[in-house]
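Consider the single chain below, provided in structure tokens and representing the form predicted on its own.
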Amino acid sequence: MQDHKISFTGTEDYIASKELQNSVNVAVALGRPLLIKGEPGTGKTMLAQSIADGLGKKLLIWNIKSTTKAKDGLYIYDTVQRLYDSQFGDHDVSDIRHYIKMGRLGEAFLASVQVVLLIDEIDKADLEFPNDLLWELDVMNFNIPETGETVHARHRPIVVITSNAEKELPDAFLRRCIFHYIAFPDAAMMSDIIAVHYPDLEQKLLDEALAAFYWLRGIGSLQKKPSTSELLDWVQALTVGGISPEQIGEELPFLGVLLKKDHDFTTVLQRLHNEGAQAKPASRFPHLR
């Protein structure tokens, strides 16, 4: 395998903090998987695409489900197709290799150049899943018993693993990873993120939208706090709808773009009613001004 001197600094459409940049570069330098945690909407999944774009590499995505097994990422032996061909086809079924298909990890190992592999939402799988990947991620090879072959990685892939902390990951697995928690962006960073997507947004509209957004997130009883993606959608809705900055503080238009739970919608409307429906914008969301 070849060593590559690589430096990730983020991309034009993905703003990475200095701490996150350092975590990515350390993981690449040490050849360790990068484990990313953070609340929904902090850009965990998009980070892998940003790394691939920033370093000029191909991205392979392995989406994990509750039924996913570690072997699925290595290879799949299509016994059903082989049986079908033996009964109805004119194929030579004696060569099992024709029925071996590489999984995402297998594809990453066999790639002619280094790739970025995203193992997305690893905590959705069963508890044994991370441990079952330890050996392959360490030694960068795996065996195919059906053919007696061993697949060796031509280049060590850059592995990014995301977790929503639905389950605790095994200590042995954690020890082999570089860990980074993506904190939810503060108002200053969020302003930079919005500027990437909407560079011509009126400053006053941006200020009012951010104030309202963080006011909503500060309501402790919400079941699902609005995230960055919802804020970006809301800003677009405000712009398309021709909403003025003053209207944001007066009525919180298009609230359904930000909130997705009946309980949260009712909670916010009640809070607005209690604080006075006619409150001026400067007094409605004062904490960010």
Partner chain sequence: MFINFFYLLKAYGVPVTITEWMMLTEALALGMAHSSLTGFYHLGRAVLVKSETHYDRYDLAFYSYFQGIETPVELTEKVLQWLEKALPPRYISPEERQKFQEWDLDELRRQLEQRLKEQDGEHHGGSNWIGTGGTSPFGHSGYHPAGIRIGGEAVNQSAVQVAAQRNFRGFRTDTTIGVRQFEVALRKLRQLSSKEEGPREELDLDETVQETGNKGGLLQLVWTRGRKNMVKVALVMDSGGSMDPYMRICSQLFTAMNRSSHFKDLRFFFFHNCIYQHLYQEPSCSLSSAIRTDDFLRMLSPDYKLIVLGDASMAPSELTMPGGSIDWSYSNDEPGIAWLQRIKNHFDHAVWLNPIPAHFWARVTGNYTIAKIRSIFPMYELTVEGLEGAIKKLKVRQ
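Not measured: the values here are computed from a predicted model. Numbering follows the first chain given and starts at 1.
Keep in mind that the form predicted in complex with its partner chain is not shown, yet the notes after this line are about it.
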*Could you tell me which stretch in 149 to 157, 102 to 110, 77 to 85, 208 to 216 has residues with non-hydrogen atoms within 4.5 Å of its partner chain in the predicted bound form?*
77 to 85
*Are 29, 40 and 183 jointly within 4.5 Å of its partner chain in the predicted bound form, each by at least one heavy atom?*
yes
*Would residue 18 count as touching its partner chain in the predicted bound form under a 4.5 Å heavy atom rule?*
yes
*Just to confirm, residue 134 within 4.5 Å of its partner chain in the predicted bound form by heavy atoms?*
no
_With the partner left out here, check for me: in the predicted bound form, does some heavy atom of residue 55 sit within 4.5 Å of its partner chain?_
no
_Although the partner isn't part of this model, could you tell me whether residue 174 comes within 4.5 Å of its partner chain in the predicted bound form, counting any heavy atom of the residue?_
yes
*Since the partner is left out here, which residues of 179 to 217 would have a heavy atom within 4.5 Å of its partner chain in the predicted bound form?*
179, 180, 181, 183, 186, 188, 189, 192, 195, 196, 197, 198, 199, 200, 201, 202, 203
